[in-house]
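Just the one chain here, laid out as structure tokens, in the form predicted on its own.
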């Protein structure tokens, strides 16, 4: 869970700028590549265009030389071109030279697209920044720009200006020609026996430079504009990401920090190297009255009260301490402390302030504390808490808080070893419950019910006990609350119902005079629409008569879906089962329940018969309850009866049955059989 939370946090944290950054980088790479290819392509195109003109002129010289007869003074005609050239044989041995021979005779065949020809081109030895390569004319950039600079300086020196008029047209033309890049073009003549190799120039003028400059400037401006747009987008996305993070860590109700922020921030604080020598307290605080407050005032008022609670909590924190609204009416705190009793006093003061947050109400708060102490290594040196998970510490604090149960008063509980053992026991029970059910480790105990007037056995209640090969005899108080919380109680209900019906069938087959046995069915079971059919089918499968199985439900079940409950009870009675209400008098709606529910048996809560047996008010209540039950054609059972005076009183008042230690404790099945034999 912690790793998933961190993963989601990192995703949200990166979402604002990572995408834009990657997009920007890709865009810059694409644009730069496009720019480089465009410049290279343009240069090659320009070179191709320029060199094609030179090729045509040299080709014309070759045609003149080819058309001349032997002995003609052809060289004088070729010299008129003003171009450096040479005539060589097929092995490049020079036969004639005009001008300066700077040909390197190192070159390559170049494709000139404008004339659709492949021409042999040699590099110039003196000025070698233009050269043939891989079928194209290429440019050595460093030498090119050095030559460009030198040529511009020479052009400026050659221009003579007087009264704003250029006096030297040749100088003006030379100034306009910013650069002349030489190469040598070779054309076969005389049937391939000789070659005309002439010097050609690639000329770059101001218009060419202007065009190249405009292309470069345009591309640079475009890149800069796009870069600025991307930077703006990244900044906006970072701002958006921060808003998203703030929203992600903000509680919907209080407007302050929420659970996700607390778990991440708290873990960071505990894991810091600078925090290793500090002691911390992870606090779980719950507003116990929240539900009642909302019922009395409204959900909106309840949420407003949560906001006030969170605000007051934050007021009590130091700068390095944190708090958050976790869920419903629960809050979490992370506090620093040195001495535990000072921490306790501080929390007690906080609870007192919260209790009187509203002058018209007295609120209650349950607070659990888990101490995060320093960690020492084998040498006694304080270690960093690099692996701590604050969620576990908070769960421990919540366990301490929940250990007080449903108390209506404020409590402050520190997590300790006893709570750890209790948690371990709960986990142990849950790990073994299914296996215990399959191995039938749950035993059915029977507590008899007797007629107080005749002391005759009239019935019994089936109670579950866990006889574990590993843990021995386990009382129901240690397992039933756990089963009720985790829902396994419904499996126990089916188990008990099946075994009671099986025992009843066995006793009938042995000739015993059987009595009805009540089986508890938890309130969790009554949400099922077909519960009555489930009970009927389970009893029928074992072959027991329906009238020997009584379905017992606690008064708390009457607080659930009353319509569904009435329908289920009516079906059970139609199928021939008796239905009883357990713990009558322990709740607050007993009389109202009696008015609506078609019950057969009323069980008086054991609390009526504990304490002072001379309590006349208690006797009046019991007496009237018995009379009320008789008026409703219901039988009565008094449970928890332990002394003879109580038996005599109940016999006098007409109570039908007594279940308690006065007559018998819950007993195993074999021992209960002896009751049949005695009877």
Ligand code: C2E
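What you see is a predicted model, and the numbers here were worked out from it, not measured in a lab. Numbering follows the first chain given and starts at 1.
There is another form of the same protein, the form predicted together with the named molecule; it is not shown, and what comes next is about it.
Would the site accept the named molecule without a clash, i.e. open, or is it blocked, meaning 3 or more of its atoms lie within 2.4 Å of backbone or C-beta after superposition from the pose in the model of the complex? In the model of the complex, the named molecule occupies a site that, on this form, remains open once the ligand is superposed onto it.
Check for me whether the named molecule, as it appears in the model of the complex, comes within 4.5 angstroms of all of 463, 489 and 493 - heavy atoms only. Spot residues vs the named molecule: full contact, yes.
Can you work out which of 51, 641, 650, 637 has a heavy atom no more than 4.5 Å from the named molecule in the model of the complex? None of the other options qualify; the answer is 641.
Tell me, which of 124, 503, 393, 552 has a heavy atom within 4.5 angstroms of the named molecule in the model of the complex? Selected residue: 552.
Might residue 480 be said to contact the named molecule in the model of the complex, defining contact as any heavy atom within 4.5 Å? So residue 480 counts as contacting the named molecule.
Can any non-hydrogen atom of residue 447 be found within 4.5 angstroms of the named molecule in the model of the complex? Yes - in the model of the complex, heavy atoms of residue 447 and the named molecule come within 4.5 Å of each other.
Does residue 583 make contact with the named molecule in the model of the complex, using a 4.5 Å heavy atom cut-off? Looking in the model of the complex, residue contacts with the named molecule include residue 583, since a heavy atom lies within 4.5 Å.
Looking in the model of the complex, any heavy atom of residue 522 within 4.5 Å of the named molecule? Looking in the model of the complex, residue contacts with the named molecule include residue 522, since a heavy atom lies within 4.5 Å.
Quick one: find which of 423-431, 410-418, 464-472, 330-338 has residues within 4.5 Å of the named molecule in the model of the complex by heavy atom distance. Selected stretch: 464-472.
For the heavy atom contacts within 4.5 Å of the named molecule in the model of the complex, list the residues of 654-676 involved, in sequence order. Going through 654-676 in order - heavy atoms within 4.5 Å of the named molecule in the model of the complex - the hits are 659, 660, 661, 666.
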